[in-house]
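First comes one chain, alone, set out as structure tokens in the form predicted on its own.
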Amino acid sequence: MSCEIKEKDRVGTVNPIFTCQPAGAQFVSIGIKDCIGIVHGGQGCVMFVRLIFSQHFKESFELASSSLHEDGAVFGACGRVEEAVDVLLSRYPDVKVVPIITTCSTEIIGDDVDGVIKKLNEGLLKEKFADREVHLIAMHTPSFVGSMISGYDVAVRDVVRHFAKRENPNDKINLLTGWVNPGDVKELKHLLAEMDIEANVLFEIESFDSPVLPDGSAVSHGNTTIEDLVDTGNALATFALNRYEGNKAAEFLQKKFEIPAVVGPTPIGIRNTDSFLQNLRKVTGKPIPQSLVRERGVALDALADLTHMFLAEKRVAIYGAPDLVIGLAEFCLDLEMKPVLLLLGDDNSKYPNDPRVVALKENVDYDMEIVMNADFWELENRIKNEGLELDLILGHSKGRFISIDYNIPMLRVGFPTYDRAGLYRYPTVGYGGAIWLAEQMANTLFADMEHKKNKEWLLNVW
């Protein structure tokens, strides 16, 4: 009985779990107020990513492209960046922040984006837009390395590095949420409010769940302001909730301004939320209020209603973003479930030494596989050819056909989720997220019991 960490043993990828680095940088850009990112590459590099965002959130987002064509690929395309900045600022008078997000093609041909930004700052911005505050930020995110996860991490660091200043130290914290949903941001802000803690939230995407207003507003924007970003240099501490989605920014702030960094744990489940609140208490000196003690008790009661009878011993496969996958695995273990296969969709060399992974290796008393650089064939092959038996799959919508083809119930968790309505409104973090996850896993199993007529009589007497 052991937990084994392994690399995918094939060359090539069959149906990837992740998309590429520029997608992560684009997600960061839509979390900033008065910001539109320019993706320096072909139109598809922004069109398909924007489509994924719109499918997941059911909202419209603004992203721009330098529209690289064949001539640019041969002769260089820095001129396209200059033209894109000019057009964007002319058409959108309220835009203040413009990330220039590179892609595989523009990194391969060697376009000097940093040099272009220096040229624009000394030329176009002074000559044509002298009366405006404009910040151009280079984000180097070639698609041939990393994934959307590393692209997000790099972009958060680049934004913080551009804006953060040490002015008037205060008692705020920096909260780096990682790649989460609006419901998660709402839950995290609720926990902070209950503890009377102020925070610079990176990124404030609660408003992605946009209302339909009389003025006809139809485009969602994040609400993290330039002032919030500047203020990250004044904070008491930085809480990076995800080790691989914000850690670079936390390390920068610690090195540059000596702001302590608290990395993780991702507050999924009871024990990780407990740890998050205890870390907040230690850093800020604020007590954990009785209101949160009661919320914890409600969550424990909800989990106790389900664990022994329905969730215990259920065999689970989990795929997606590494912090989410590991957090879900820890939560499943606390519910007496058996996560037998964890699929991480890129080849980050830090995964084997992650303290959470080390803890799994030391404590799991059954056979578990953790596969790095995994794709969906790793999941399908184990089910189809290696006899892997599963009771439940946890992951985003791209794995839905494996669930359908092999008749295994699946709960949609993570990004992107486009074949279920409104899941982005619900948290996976905090005590509220623990309740939602456990009840949704149980409901998914209940529906499967009815569909397969497998012990459905239990639902009569529960």
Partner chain sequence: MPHHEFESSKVIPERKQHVVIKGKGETIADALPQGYLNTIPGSISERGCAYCGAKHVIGSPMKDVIHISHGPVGCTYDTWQTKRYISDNDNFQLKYTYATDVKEKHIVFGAEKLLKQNIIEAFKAFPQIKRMSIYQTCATALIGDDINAIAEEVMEEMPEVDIFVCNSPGFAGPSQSGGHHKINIAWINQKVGNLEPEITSDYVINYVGEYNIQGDQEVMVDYFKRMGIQVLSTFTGNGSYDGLRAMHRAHLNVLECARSAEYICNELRVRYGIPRLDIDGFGFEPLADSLRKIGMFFGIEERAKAIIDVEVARWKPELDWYKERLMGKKVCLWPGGSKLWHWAHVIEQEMGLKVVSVYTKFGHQGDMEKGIARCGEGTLAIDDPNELEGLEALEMLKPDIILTGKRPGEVAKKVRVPYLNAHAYHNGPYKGFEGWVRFARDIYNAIYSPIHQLSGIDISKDEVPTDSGFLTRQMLSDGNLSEEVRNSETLRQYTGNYDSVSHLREKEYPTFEPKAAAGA
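Computed from a predicted structure; not experimentally measured. Positions refer to the first chain, counted from 1.
There is also a form predicted together with its partner chain; it is not shown, and the following applies to it.
- Proximity to its partner chain in the predicted bound form, taken as heavy atoms within 4.5 Å, picks out 87-95 from the listed stretches 87-95, 229-237, 284-292, 323-331.
- Using a 4.5 angstroms limit between non-hydrogen atoms, residue 313 is distant from its partner chain in the predicted bound form.
- Although the partner is absent from this view, residue 403 stays clear of its partner chain in the predicted bound form, with no non-hydrogen atom inside 4.5 angstroms.
- Residue contact check for residue 44: one or more of its heavy atoms lie within 4.5 Å of its partner chain in the predicted bound form.
- Contact between residue 15 and its partner chain in the predicted bound form is found at the 4.5 Å heavy atom cutoff.
- Contact with its partner chain in the predicted bound form holds for none of 171, 190 and 369, as no heavy atom of theirs lies within 4.5 Å.
- For the residues 30, 393, 437, 64, the 4.5 Å heavy atom test against its partner chain in the predicted bound form is passed only by 64.
- Contacts with its partner chain in the predicted bound form, taken as any heavy atom within 4.5 Å, map within 361-395 to 373, 376, 377, 380.
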